[in-house]
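Okay, so here's just one chain, in structure tokens, the form predicted on its own.
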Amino acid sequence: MSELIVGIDLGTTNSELAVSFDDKVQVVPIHGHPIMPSCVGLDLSGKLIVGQAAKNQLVAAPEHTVLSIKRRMGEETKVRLGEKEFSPEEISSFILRELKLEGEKQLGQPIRKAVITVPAFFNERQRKATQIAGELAGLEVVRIINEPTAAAMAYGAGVAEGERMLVYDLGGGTFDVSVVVVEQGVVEVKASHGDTHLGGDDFDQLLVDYAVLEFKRQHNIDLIQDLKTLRRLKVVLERAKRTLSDEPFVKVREEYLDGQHHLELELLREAYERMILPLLERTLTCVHQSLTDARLGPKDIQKVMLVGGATRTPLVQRLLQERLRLDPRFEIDPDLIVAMGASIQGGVIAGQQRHSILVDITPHTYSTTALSTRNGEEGLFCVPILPRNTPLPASKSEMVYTLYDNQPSAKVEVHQGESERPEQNTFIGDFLVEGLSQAPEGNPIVIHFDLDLNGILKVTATEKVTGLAKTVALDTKGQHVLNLDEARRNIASLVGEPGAESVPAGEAAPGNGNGDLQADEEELLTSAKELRKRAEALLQKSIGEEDAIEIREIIHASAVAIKDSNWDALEEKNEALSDLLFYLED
């Protein structure tokens, strides 16, 4: 029996878990339902609650409830939950942990590994944040795959004849579209586009804004600063929105909305559609761009597949039918299809015999930088090496040149994004190539990118004349500043699990007599321990004698700083060792 690798759709509004067994896909019920609200809260006793229970208290306790956290993934921010603050990764880990625990109860076996889906247009910082959330939940995230790609896996399973599909994925908080070709079990993504801040939540907000204006018109009372009332309105109007998918109008009555006055209004589907039309036009712009990137026209598409709960809006289906001349299809439940596809990919990774093979793409361009003149302006510009929509794995090279005679070194910077300006893209990493030959300006340097299925980018810079080369592996899932040990302690304060150890076994904790450390001191010690392990592992390998001496000197100085409780010195040595290891660990 192959190992169990589940598929998880970590959604803005709802999340799902599925598993692939014996060529069959099973959506695992969570709390008795196939979908679980992506909502996290604290009950009256301060206990963590996740899913429908948290959503049920949204109106009564908005300050103790968090929803739509997916829209904050990748941001260096905190959200308040009760008396504490948590990062988006920590909040998302509570959702993933609940899926894991409930899934284990239903399946009767441990869940250790998962394929987790993300919007195709998530940048690498957002993808890395998702991976960290999985790790904090106790999961080994074996693959991060795009949501429309996962849906295509489920749609394409068993399809033998050639078929060109457009997967239109409109969820609670994000929108994606992918052009997919399925032929003889191979699911190949030709192009993807999207908007990571466009979805059903925005439809809800338009309704809330309208209701606030109506209430002010009726009663001359402005509700815009009343968080509790706005949450109450959102719940009521979200329910009304779903009714409008099946009915031409809906009457909304909410008594004593501000404690004294009632809200009464009638929503017409026609008026609602006028509200959301500009948002839907934005999705159609993305559809057009994805078709252009795939070098196809609407007439070349044979199927339009709908994914995500917001695609149940009748106007969505009408617009797609008008623009593409095809009837959109709900062959599989749009709320479940992504998790099902992720479980199929998990099964393939686990070694199950499946007929589907996935060929994915990179949704963003990877570039290096060079000084050049464009449109009469001199400056640092991006030089694309791996354009967006390049099939994975990918391998490409470009040439850059030195700027002046006898230039001794060259700095290689890597960025992700579509702008020609580095500062408008996502910075991935950099490194220095030293020891270049004494040559006139214009000495050619070949920059080679290798991007694998797991998002690891190997960058090689080679001096063309001499063959001098340096290779660095960059985690394109993005640099991340979240301290994992601190996050684990934060999580443990709610779920009651032990946090990460901060002092090596057998070593007394410096500081006060009872061994209690301030959080900053614990963080420095934990970092020193991890860096020392990495450094000692590197010393076992073949590295230059000068580098080895420098590593040993820093380790010794760190030990002295710990002994003397000199936290400023320890911080300085941690930074020095971290910088050194970055350049030595290929």
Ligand code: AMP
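The first residue of the sequence shown is number 1, and the count goes up from there. Remember, it's a predicted structure, so these values are computed and weren't measured experimentally.
In what follows, reference is made to the form predicted together with the ligand, a form of this protein that is not presented.
Contact with the ligand, judged by heavy atoms within 4.5 Å in the predicted bound form, is confined among 282 to 290, 200 to 208, 397 to 405, 134 to 142 to 200 to 208. For D335, a non-hydrogen atom is located within 4.5 Å of the ligand in the predicted bound form, even though that partner is not displayed.
Within 4.5 Å of any heavy atom of the ligand in the predicted bound form lies no heavy atom of T368. Though the partner is left out of this view, R125 does not reach within 4.5 Å of the ligand in the predicted bound form, counting heavy atoms only. The closest non-hydrogen atom of H193 lies beyond 4.5 Å of the ligand in the predicted bound form. Only one of K100, K241, H415, H364 comes within 4.5 Å of the ligand in the predicted bound form through a heavy atom, and that residue is K241. The listed set R312, R232, K458, K303 contains one residue whose heavy atoms approach the ligand in the predicted bound form to within 4.5 Å, identified as R312. Residues of 107 to 137 placing a heavy atom within 4.5 Å of the ligand in the predicted bound form: none.
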